[in-house]
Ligand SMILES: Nc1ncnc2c1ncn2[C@@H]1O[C@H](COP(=O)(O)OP(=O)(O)OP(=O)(O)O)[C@@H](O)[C@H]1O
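What follows is one chain in structure tokens, specifically the form predicted on its own.
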């Protein structure tokens, strides 16, 4: 019996992003047999799942860093799975990603790191790019840090610079890959606050990949839970907390999922 459940009431507007029947495997290891999920404009949706359930795989397939084996992935009404690299570049100007490590270039200053995607996408003049760097650093609470190198930054500061770089190109969607992993409680609260404030200020759609329950319920509108090689449950935070489905209840109470090999 298919236990997949969507208890939430989807918005009346059209989805911004759609995964339909997506399949993905790495050699003999099957990650997805049938991943189906709709994401709507302006919402924050959190992807939950244990180690090895493919949380990060899902968002990497959305921007073409990994390719789906079968199924459909649509963003802004366009099919992503058939795009070439040039076409994917246009998608990546609208969808930004904060990688788990921050993924800063160690040899570049903070300013140069943030300017990197601006230059890649021919975003404005040098003066405009400099002003944009100042603007986004202010947004993430790091004004005046332009000349620092990544080695001079704490883990939390690296995440914030990574976030500044992600929002610099004014994306419509932000992907957060384990944004609070490895951070102390103070920085966890800071990052959660930034996710909420950017959502309010920029009106972006946010997809947050995490296994941090506190962060999940702090920032999310809806939760999608990965289980048994598919997106098995979708619901609001309240619906998730009161859900009686065994695997959802177990995970919310501290379960770590059903797979032990981490491919997220």
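Owing to the predicted nature of the structure, the values given are computational and were not obtained by experimental measurement. Numbering follows the first chain given and starts at 1.
The form predicted in complex with the ligand is left out here; the points below concern that form.
**Student:** Of 63, 57, 204, 45, which residue is found within 4.5 angstroms of the ligand in the predicted bound form when only non-hydrogen atoms are counted?
**Tutor:** In short, 57.
**Student:** Considering the ligand in the predicted bound form, which of 216, 31, 195, 232 comes within 4.5 Å of it through any heavy atom?
**Tutor:** Checked against the cut-off, the match is 31.
**Student:** Counting any heavy atom within 4.5 Å as contact, can you tell me which stretch out of 232-240, 36-44, 217-225, 22-30 lines the ligand in the predicted bound form?
**Tutor:** Looking at the partner contacts, the answer comes out as 22-30.
**Student:** Would you check, heavy atoms only and a 4.5 Å threshold, whether residue 146 touches the ligand in the predicted bound form?
**Tutor:** Residue 146: no contact with the ligand in the predicted bound form.
**Student:** Indicate whether residue 199 is a 4.5 Å heavy atom neighbour of the ligand in the predicted bound form.
**Tutor:** Although the ligand is absent here, residue 199 would stay clear of it in the predicted bound form, with no heavy atoms inside 4.5 Å.
**Student:** Taking 4.5 angstroms as the cut-off for heavy atoms, does residue 100 touch the ligand in the predicted bound form?
**Tutor:** Yes, residue 100 is a contact residue.
**Student:** Can you name the residues of 159-195 that have a non-hydrogen atom within 4.5 angstroms of the ligand in the predicted bound form?
**Tutor:** If the 4.5 Å heavy-atom criterion is applied to the ligand in the predicted bound form, 159-195 yields only 178.
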